[in-house]
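Encoded as structure tokens, the following chain is the form predicted alone, with no partner shown.
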Amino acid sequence: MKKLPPFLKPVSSFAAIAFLLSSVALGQEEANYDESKVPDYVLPELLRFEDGKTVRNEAQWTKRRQELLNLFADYVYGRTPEAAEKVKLKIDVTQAVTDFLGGKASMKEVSLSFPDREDGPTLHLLVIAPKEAMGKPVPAFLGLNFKGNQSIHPDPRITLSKSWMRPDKEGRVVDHQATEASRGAASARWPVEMIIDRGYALATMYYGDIDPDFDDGFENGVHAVFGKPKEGEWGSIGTWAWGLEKALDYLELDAQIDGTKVMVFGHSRLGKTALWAGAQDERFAMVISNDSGCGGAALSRRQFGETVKRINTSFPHWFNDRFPEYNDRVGDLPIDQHELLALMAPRPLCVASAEGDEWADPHGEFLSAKFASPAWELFGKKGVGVDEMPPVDQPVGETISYHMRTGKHDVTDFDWTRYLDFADRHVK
């Protein structure tokens, strides 16, 4: 077995595989995909304070927003430890080239490390910017990736990740380490040239640099620095969101990037992460949720596809220690996910679903966007702008964009075209 970095405690391959198999087995149990079997539910009122008073204007929303943010921290995602909020990471540009994509872009690699922990984890940020960014800063998309920075584009100059990775069926990950075969493996989800050609930069880093995605008792990644979460503190989603905020700290300093126009993007569990990052940090100019489902954009009370109980059982490390208390009584939660989406107001928000991704409950994602819209109306803006879920492949939305495209749980050029078009309207 390969030697592990000093900050990564060993985990047996057997334990990791057993965990994956148990998660798959749970996911194959019967789930509800029948709208007629969705239980009756009553959503918490978005524009009503906990004391029962009504939110009537933008100024009052500021107070209600903080109230909701506290509730989501307390009941779902956990609070960021004070030490993590205060830490300033050390910045080192480890590589910079100006002839990326045949000369139309630059590429740099930036390491973000803990100044007092030479043996600690390092976050590896990849930044690709169009040529025009050499003279004028440009807006940027920021998102975490699943397979290492080298997976988003096959250029051999992108450093191969050395962090722990989940095994994959294609054999590109061996002994939990990325191999050369992983280069460009996820390029279909990251249309780098499309983004560059539209005049935007792209920044990404591997989510496992922040916290390896397995139930390890919170001993690895940045938890090796901050310690095991105390009662009420963050799970992995909260930790990954913190990593996005630290990446934004750097991008605000990068002369090629307009730090006021950084848009946070995420798919699946990283879509949940992007939403929580955007909720906590209003510096993000736009927030994008792609197929984020339960614990992300989908309403929890619908119990359609993946449920709160299923997600907490399969991935006990994602959320805080209080969320599982509601596995069998979701209706008692004081919040639901439309209120998470509302925390992005009045900034532009994109919510995307896929027709073949019932597990993520596309209808529940649309309803969440719809019921979040009154928060934007307080600012004189329209949210999703329609009452009925749109047909497949027909995007809708004013300041909240919603679409359900043909296909499965994935990120496609159709999705990215919508995000780029929306960014052109609202950010660029």
Ligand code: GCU
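All residue numbers refer to positions in the sequence shown, first residue = 1. Owing to the predicted nature of the structure, the values given are computational and were not obtained by experimental measurement.
Just so it is clear, the following notes concern the form predicted in complex with the named molecule, a form of the same protein that is not shown.
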With the partner left out here, check for me: in the predicted bound form, does some heavy atom of residue 299 sit within 4.5 Å of the named molecule?
no
The named molecule contact at residue 268 in the predicted bound form, heavy atom, 4.5 Å:
yes
Report whether the minimum heavy atom distance between residue 311 and the named molecule in the predicted bound form is within 4.5 Å.
yes
Check whether residue 359 has any heavy atom within 4.5 Å of a heavy atom of the named molecule in the predicted bound form, and answer yes or no.
yes
Give me the residue from 292, 204, 239, 151 that has a heavy atom within 4.5 Å of the named molecule in the predicted bound form.
292
Residue (of 315, 250, 190, 323) lying close to the named molecule in the predicted bound form, criterion heavy atoms within 4.5 Å:
315
Based on heavy atom distances of 4.5 Å or less, which listed stretch (268-276, 103-111, 121-129, 167-175) is in contact with the named molecule in the predicted bound form?
268-276
Looking in the predicted bound form, the residues of 408-422 with a heavy atom no more than 4.5 Å from the named molecule, listed in order, are 409
